[in-house]
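The data below hold one chain only, encoded as C-alpha cells and taken in the form predicted alone.
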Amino acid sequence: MSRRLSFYVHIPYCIKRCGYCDFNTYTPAELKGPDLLSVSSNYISAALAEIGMAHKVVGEAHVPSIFFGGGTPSLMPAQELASIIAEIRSRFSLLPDAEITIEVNPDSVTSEFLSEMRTAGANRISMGMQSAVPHVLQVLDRTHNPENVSTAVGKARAAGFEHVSVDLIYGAPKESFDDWRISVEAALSIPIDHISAYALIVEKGTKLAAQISRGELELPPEDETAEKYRYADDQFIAAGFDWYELSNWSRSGGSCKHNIAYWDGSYWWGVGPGAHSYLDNKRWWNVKHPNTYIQKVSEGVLPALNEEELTEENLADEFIMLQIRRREGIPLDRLNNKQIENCREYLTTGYLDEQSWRDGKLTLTQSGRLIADRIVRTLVM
C-alpha cells in the first residue's frame, strides 16, 4: 500500500520584511535584484526539480495536502505555482479530496490570481490578517490596509475557494484589549471557516526584538495577553468555531488537513530553501539561501543542509508535545505511571478536562491551554 506524503512548498520572497518575522524569507533588495521577477526567475524550475528528486527517494505515494507558504506565495505568477501542483500530480497520486492551500497577502492578491489557482486545484486560502487596527499593524510592520482583508476574502469566495482562513496575532506592543476586541470582531464579520490566533513571540535578531531591547516598545503584561486568548476563544466558539488545536479554530469541515499532518506524525516533504521534511523517522532541512538552493538542485544534488534520526524516545516526546495541543488530547495509555501521577495536580486544579480523563485521555481545558508548555515539561522527562 502506498504511503501518504504531504508537500510544503516554500516561496521565500517578500516585498518587505515584517519587523517580527524571522522566517527564511528575502526581499529583492536583500538578494541584490531590482525586482521580484528577476530574483525569482530560476526558482520554480529548481522547486520542480526537487519534486522529481522526492519521487526518486520516496517512490509511489498518495498526497493528501499541498501547502504553499512563505514568504508571500501570492506574489508569484499563478501559472508558476500551478506548474508545481501539476508536477506533484504527475509524479505522485494526488488524492481527489486533497487540500491545496495558498498563503496570500490581502494587499497583493488579485481576482485573476485566485481564479487561476482555483482552476489549478487550490481549494484553501490562508490570509495574513494579524490585526484590524492600523497602529498595531504599523508596530508589526505589516503593510496592508485592514479593509483589504474583507475585500480579498470576498474575491477568494467569488473565485470558488471552499475554505478561507485568516491569521491573527495578539499581544503586540501598543495593542490594547479594545484593539484586540476590534480585530476579533472584524475577523468574525467576514465569510471565513477557519481562524488561527497566535500570541506574538519576539524572536531574537528581528527588528522588533531590537526595538524592545532599546526600550522603544514594550510588550503588554502576560496576564493581559492570556485574557486576550480567553476572550478570543469564547468569541470564536460563540460564533460557531470549535478549537481543534491550541491556536486554531474552525467551523465544521474547515480544519487544516496539512497542519494536522504535522501534528499527528504523518510524513511530509518540504520543497525550497530552509524547508524541513520528515520521512521514516528521519528529519532533514534544506540549505537556507535561495541562490545556494537553486545551485545545488541544478547540480542534481539533494539540497539538504543537515539531518537527524529520531529515536524512539524522541518520537515519544514529540508525540506528547504535539498531541497535547490538540482537542483529541493524549491517550492515557501512552503515558507511564509517573507521568500520570505528575499530572494529577493539573487535573484537580482545573487545567485538565475531568470528563476526558475519565474517558482515558489527557485533554487541556481553556486554562490548561494557557500553560500547555508547563504541562509538557511535567510529561517530557
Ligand SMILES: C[S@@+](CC[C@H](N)C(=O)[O-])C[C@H]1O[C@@H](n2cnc3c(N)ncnc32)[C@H](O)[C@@H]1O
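Quantities reported herein were computed from a predicted structural model and do not represent experimental measurements. When you see a residue number, it is the position in the sequence shown, counting from 1.
Keep in mind that the form predicted together with the named molecule is missing from the display, and what follows is about it.
**Student:** Of these, V297, V104, A156, A275, which has a heavy atom no more than 4.5 Å from the named molecule in the model of the complex?
**Tutor:** After the contact test, the surviving option is V104.
**Student:** Sort through M76, L200, I85, C256 and report the residue having a heavy atom within 4.5 Å of the named molecule in the model of the complex.
**Tutor:** Among M76, L200, I85, C256, a heavy atom within 4.5 Å of the named molecule in the model of the complex occurs only for L200.
**Student:** Taking heavy atoms only, is I169 within 4.5 angstroms of the named molecule in the model of the complex?
**Tutor:** Within the cut-off, so yes.
**Student:** Counting only non-hydrogen atoms and a 4.5 angstroms cut-off, does T72 reach the named molecule in the model of the complex?
**Tutor:** It does: once the named molecule is placed as it appears in the model of the complex, T72 has a heavy atom within 4.5 Å of it.
**Student:** According to a 4.5 angstroms non-hydrogen atom cut-off, is S183 in contact with the named molecule in the model of the complex?
**Tutor:** So S183 does not count as contacting the named molecule.
**Student:** Counting only non-hydrogen atoms and a 4.5 angstroms cut-off, does C21 reach the named molecule in the model of the complex?
**Tutor:** Result yes; C21 sits at the interface with the named molecule in the model of the complex.
**Student:** Quick one: find which of 31 to 39, 352 to 360, 50 to 58, 64 to 72 has residues within 4.5 Å of the named molecule in the model of the complex by heavy atom distance.
**Tutor:** Comparing against the named molecule in the model of the complex, the contact stretch is 64 to 72.
**Student:** Can you tell me which residues in 294 to 331 come within 4.5 angstroms of the named molecule in the model of the complex, by heavy atoms?
**Tutor:** Residues within 4.5 Å: none.
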